[in-house]
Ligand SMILES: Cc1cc2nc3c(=O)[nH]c(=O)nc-3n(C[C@H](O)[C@H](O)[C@H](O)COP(=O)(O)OP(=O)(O)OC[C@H]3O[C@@H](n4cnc5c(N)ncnc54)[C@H](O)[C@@H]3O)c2cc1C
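Given as structure tokens, the chain that follows is alone and in the form predicted alone.
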């Protein structure tokens, strides 16, 4: 039986990034992917890579590779009832966190896998669904995978589940999902005939608890996406022309790029129901990353970036302990704590927001927030940093409260 230091289940963003990071160390890595070929990719994803992940891409020299294959450097701008939140300049003065990327998964997934194909430390195996996981007396794992009629097996010191929100590994080992309501549906499609926004901004148009996105892509393409109330989505589905309904949704907003020549070039993708899901990032000494650990409301756009950051976080926590006399359990505990520290505050805020405002009081508070931001450039910068996941919700809240305390009080 082949022996590896690390067995990674899933060769999407999280799995490929973890393998790429582990490969910088003197380790042997196996990556098991159930899809049949390198060209396979995740279809249902709006593929906005937040700036929180840019340091990971730069550390492993993947940023230029992405750009060479059409990734569009971008920054978010938000239109609210009080006007635009679109401060000048990059996300951060730190070049390592300066921008986000738009790149479609049809390009991104094969590109990340290609970095592993000829790497001497990595065995990347397609058409290899995991069938069974067993732990040995010495704590190492046996992973049975492949065709039921002719199963294969590998032995690994560390097992990493990067196999998505429906994680097979989680089901096999009993890492139960925590499921939280999401009251939005998401639909999107690819269009041509739309001029890219100035500076290739990614535009977000807010309408109470709903939102419309405009993502400029390479080769003159644009992704239009809407995150809408489930009741509206139900009406759209009964109408049957989702592409037309998407375009109509944008008509309520000012400053939308001209859509008169927009032509839908794909089918309409989306989720009618997409609950927020979380699992323990470490379970029975098995590490979980990407959507297998945390899968949130698509409107937040954090899936790709968080997957990359979690992969690097896991490797930085555990790589040294996979050598001789390593303390792997302690290293996994360090990863678990770091995962909770970094991601849990964002997850709580996103889960709360995905319930959508339910009262007039909540709507008024949101209006007050955007009205105040429209008059405060520093607070706008903080908001953009929050949406890029460069600061925590708590830091933004403190900045907002501080700004309120300094604002002139109304006269009696």
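Residue numbers count along the first chain shown, from 1. Quantities reported herein were computed from a predicted structural model and do not represent experimental measurements.
Omitted from view is the form predicted in complex with the ligand, to which the following refers.
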- Item | All of 62, 70 and 309 within 4.5 Å of the ligand in the predicted bound form, heavy atom check | no
- Note on the structure: Within 4.5 Å of the ligand in the predicted bound form by heavy atoms, the stretch out of 190 to 198, 246 to 254, 294 to 302, 116 to 124 is 294 to 302
- in the predicted bound form, residue 141 touching the ligand (heavy atom, 4.5 Å): no
- Message: Whether residue 354 contacts the ligand in the predicted bound form should be assessed with a 4.5 Å heavy atom distance threshold; does it?
- Response: no
- Taking heavy atoms and a 4.5 Å cut-off, does residue 382 contact the ligand in the predicted bound form? no
- So in the predicted bound form, does any heavy atom of residue 168 sit within 4.5 Å of the ligand? yes
- Query: Heavy atom within 4.5 Å of the ligand in the predicted bound form: which of 28, 58, 372, 34?
  - Reply: 34
- Message: By the heavy atom within 4.5 Å rule, which residue out of 110, 83, 90, 164 makes contact with the ligand in the predicted bound form?
- Response: 164
- Query: Can you name the residues of 42 to 63 that have a non-hydrogen atom within 4.5 angstroms of the ligand in the predicted bound form?
  - Reply: 42, 44, 45, 46, 47, 48
